[in-house]
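A lone chain, given as structure tokens: the form predicted on its own.
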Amino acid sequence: MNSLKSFLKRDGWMLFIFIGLLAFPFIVATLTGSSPTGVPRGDRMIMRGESVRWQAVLIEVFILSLLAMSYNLLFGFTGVVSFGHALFFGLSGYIFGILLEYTALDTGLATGLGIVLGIAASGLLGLGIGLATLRLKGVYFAIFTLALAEMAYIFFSRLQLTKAEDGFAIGELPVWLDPTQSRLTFYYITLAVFVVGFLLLRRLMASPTGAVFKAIRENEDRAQSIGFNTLRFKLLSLVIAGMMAGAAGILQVMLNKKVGPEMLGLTYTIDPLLMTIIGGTGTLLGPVIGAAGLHLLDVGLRDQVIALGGASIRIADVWGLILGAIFILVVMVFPYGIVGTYQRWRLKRQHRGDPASAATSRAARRQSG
């Protein structure tokens, strides 16, 4: 009973949000009079209605959150700066798409094999990159990863097999995985992948391995001096981050049913970086809040038109400028990100109050990352 009370006190709000996300499609359907499964047409379901539309929005939030969490593991928790994170995201998507469209395998087998090989290839790529370059430090490693990602982008944007810069569409997925036929099922699948990724990362950062990651971030030389093989731990961080980003890339291909070189572009490296910094570097919830906030702002504002001095300006045309302004504002107001700044504010407030509760809070914060 005490353990249940402790769990509810510590994680009850997360459980409440999870239940809300489970019920979300049906809540929107009830409020808007739409169907959470779409509109039937013959033996197919047509994805129309507000509930179905908002499911797609949240699916992208889950995917971007998973990508941002993977970047945060590398950058926020281990202190390794990479400018080529999109390489894992895009490569897994290409492997998955090629197996579905350019082999004679059964659709179900190609899907399963594509998921396994895509995630495994991302992990192996992370291992290879790490073995070759992790002895480089700081900006040198970041530039090397940027060069690798750009090489992959140029290669696939000119590869005629995969229709070069236009990319190619996925013709068929298993019905239960196809978001154009079973959006509600795919919503729950992406939610499950996101939650599992979050819980695994939380467990990892509460383990001795996670403590070493943080030690490397704070001072790698000191971590080496007390006996840790920091290269081995950085390799592990890179492999896990690559596999998480690879899983996000496969989900993105399933959602859009399209693969293109834009998946290897800087957008999918810069966006998770911004999401991590805005939400809070080195925190578990920061990347999730950053991803959700930026994507929902994007969805809500992009189609808006504002009148300025007699001229009409579409938000979509100046979205990059708005994003930069948001980033500057958040960094000025929340210097440690939204979650990081809140944690420090709460800790200082407890320090001024009860020293014992402050010590308990610090222990809980170390445990939660």
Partner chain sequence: MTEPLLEGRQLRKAFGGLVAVDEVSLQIAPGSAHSIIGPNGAGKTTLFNLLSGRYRPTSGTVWFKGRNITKLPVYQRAHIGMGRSFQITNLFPQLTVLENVRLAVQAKGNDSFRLLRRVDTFTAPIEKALEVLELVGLRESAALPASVLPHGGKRKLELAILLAGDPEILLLDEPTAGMASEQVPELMATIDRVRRDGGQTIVLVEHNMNVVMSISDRITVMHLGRLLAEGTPTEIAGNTLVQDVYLGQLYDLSAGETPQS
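Model, not experiment: these values are computed from the prediction. Positions refer to the first chain, counted from 1.
What follows is about the form predicted together with its partner chain, which we do not show.
Only one of 192, 200, 270, 116 comes within 4.5 Å of its partner chain in the predicted bound form through a heavy atom, and that residue is 200. Put simply, of 263, 284, 240, 95 only one has a heavy atom within 4.5 Å of its partner chain in the predicted bound form, and it is 240.
Comment: 232 to 240 is the region of 168 to 176, 250 to 258, 119 to 127, 232 to 240 lying near its partner chain in the predicted bound form, near meaning a non-hydrogen atom within 4.5 Å.
Each of 204, 221 and 224 is positioned with at least one heavy atom within 4.5 Å of its partner chain in the predicted bound form. Mapping the unseen interface onto this chain, residue 295 falls outside it, with no heavy atom inside 4.5 Å of its partner chain in the predicted bound form. Its partner chain in the predicted bound form comes within 4.5 Å of no heavy atom belonging to residue 91. For residue 164, no non-hydrogen atom is located within 4.5 Å of its partner chain in the predicted bound form, even though that partner is not displayed. When contacts are judged by a 4.5 Å heavy atom cut-off, residue 100 does not count as touching its partner chain in the predicted bound form. Shown here without its partner chain, the chain has no residue in 57 to 89 lying with a heavy atom within 4.5 Å of that partner in the predicted bound form.
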